[in-house]
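In the form predicted alone, a lone chain appears below as structure tokens.
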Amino acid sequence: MTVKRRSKPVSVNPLKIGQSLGGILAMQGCYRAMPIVHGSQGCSAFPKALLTRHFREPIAVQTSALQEMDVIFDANRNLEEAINAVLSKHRPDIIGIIGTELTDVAGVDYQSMLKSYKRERNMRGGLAFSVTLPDFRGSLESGFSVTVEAMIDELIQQAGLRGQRNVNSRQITLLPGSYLTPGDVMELKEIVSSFGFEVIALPDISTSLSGHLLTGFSPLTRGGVPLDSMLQSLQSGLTIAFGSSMERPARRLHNALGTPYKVFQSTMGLKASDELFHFLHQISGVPVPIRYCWQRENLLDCMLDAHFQFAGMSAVAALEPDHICSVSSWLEELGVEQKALVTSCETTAVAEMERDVWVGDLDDAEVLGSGADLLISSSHGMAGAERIGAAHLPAGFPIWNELGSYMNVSVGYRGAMEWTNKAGNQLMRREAEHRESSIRHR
């Protein structure tokens, strides 16, 4: 179908989140890492505030704190001072320089500066890379994907591998998309490892942003995939990417090292889960573990039980591109009418969808979804759902009105069952509230 846009002079209640936040999120999935945002202080303060509010965990990020005169005369001097301070005080294993729209428009060549910095100081034993993520292009999803690709590029250069490697056929590298929660990544790792594979997720937010009580304080990321495991992932016999946005990093591994890859565009619902388990069964020769067979039966029974709540219902979803693809296929399995699908930016996956997709904001979701029974969006869409009389199902980023949302599971049979029950409960609650209000006004 087609990608559409409403003609309007201004964005109302924006859905789009800047690329730099996606880059910072990707870095949180690496152990002892420090992202340095090359821009003004606000370019790091805003993503840090949103991420902290969503995950309720400390977020590692530093900034070069550019002022107007710094950009005019020598922006890279601030960056060099920031790198020196981080290396001397914290000694991170991984440093990611995230360029913003400020340095991009000013034409600051910080990539060359970083190369000469590493050469002059003979930086070894760590990983340092740069990536350009202006907010006027893409969204959180593309920022996450581009950062992972830049990370993989630097890993390949550091390892010095060009097609020659010791392949471990029982090891798989997972490239989880930005829309997957720490709970989702943990579930996917368990699913793949249950077929006898060693699993390395890159990045791995399931061990860094899943909530943990560690003593002491560290300004670096705590948890995530260590640098030696990242280098070990280059020996994997297969790469599995979850979400179309992660195909480019997977293809980068394939082009440089010859690693075959498989992309799962959707990870949610009965059909997507069947495809994943069938693929893992084929490549491993191991029967599907009995617990997942039971989970499939549980999901089918759950869908049967919930069909009374979903029959005749309509929904509108406003999410990131990969997430909207997954949620749309899940809604289709439940027989829910999809009044509108709204996303933050146009991608190939969105353009290839069988339904019309609108690129816009949460105001567009409110207008296009007028009369819908269910609105699926971040916490920013909560007020809009109330205005159109729809139940609100929190999903995506950020979510601050629900505890533990970062550990919600949407992948696999268990994830589809949890989402089906949660959406059904929201619709039942809405119906009860409407019934109560109608009785009260008689």
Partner chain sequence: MKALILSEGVDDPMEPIRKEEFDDQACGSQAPKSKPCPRPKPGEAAGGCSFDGAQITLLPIMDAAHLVHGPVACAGNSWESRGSLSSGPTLSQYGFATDLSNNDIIFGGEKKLKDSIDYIAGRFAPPAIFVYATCVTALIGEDMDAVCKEASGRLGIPVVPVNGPGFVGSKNLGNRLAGDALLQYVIGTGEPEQETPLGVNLIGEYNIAGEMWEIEKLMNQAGITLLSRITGDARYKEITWAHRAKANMVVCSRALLGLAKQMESKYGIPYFEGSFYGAKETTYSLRQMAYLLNDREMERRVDRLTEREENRLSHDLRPYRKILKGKKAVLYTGGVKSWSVISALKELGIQVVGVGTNKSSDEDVQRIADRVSDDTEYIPEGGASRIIKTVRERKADIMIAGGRNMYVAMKEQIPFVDINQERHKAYAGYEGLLRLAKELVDSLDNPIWRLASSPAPWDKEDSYDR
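Here the structure is a predicted model, which is why all the values come from computation and not from measurement. Numbering follows the first chain given and starts at 1.
Beyond the structure shown, there is the form predicted together with the partner chain, which is absent from this document and is the topic of what follows.
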Do all of Ser11, Gly18 and Lys89 end up near the partner chain in the model of the complex, with near meaning a heavy atom within 4.5 Å? yes
If contact means any heavy atom within 4.5 Å, which of 102-110, 316-324, 168-176, 296-304 contacts the partner chain in the model of the complex? 102-110
Just to be sure I understand the contacts: of Met151, Leu362, Leu331, Val185, which is the one whose heavy atoms reach within 4.5 angstroms of the partner chain in the model of the complex? Leu362
Tell me, out of Gly412, Pro394, Gly29, Pro47, which residue has a non-hydrogen atom within 4.5 angstroms of the partner chain in the model of the complex. Pro47
Verify the contact flag for Ser377: yes if a non-hydrogen atom of it lies within 4.5 Å of a non-hydrogen atom of the partner chain in the model of the complex, no if not. no
Taking heavy atoms only, is Glu81 within 4.5 angstroms of the partner chain in the model of the complex? yes
Can you check whether Val71 is within 4.5 Å of the partner chain in the model of the complex, heavy atom basis? yes
Considering only heavy atoms, tell me if Ala65 and the partner chain come within 4.5 Å of each other in the model of the complex. yes
Along 106-137, which positions have a non-hydrogen atom within 4.5 Å of the partner chain in the model of the complex? Ala106, Asp135, Phe136, Arg137
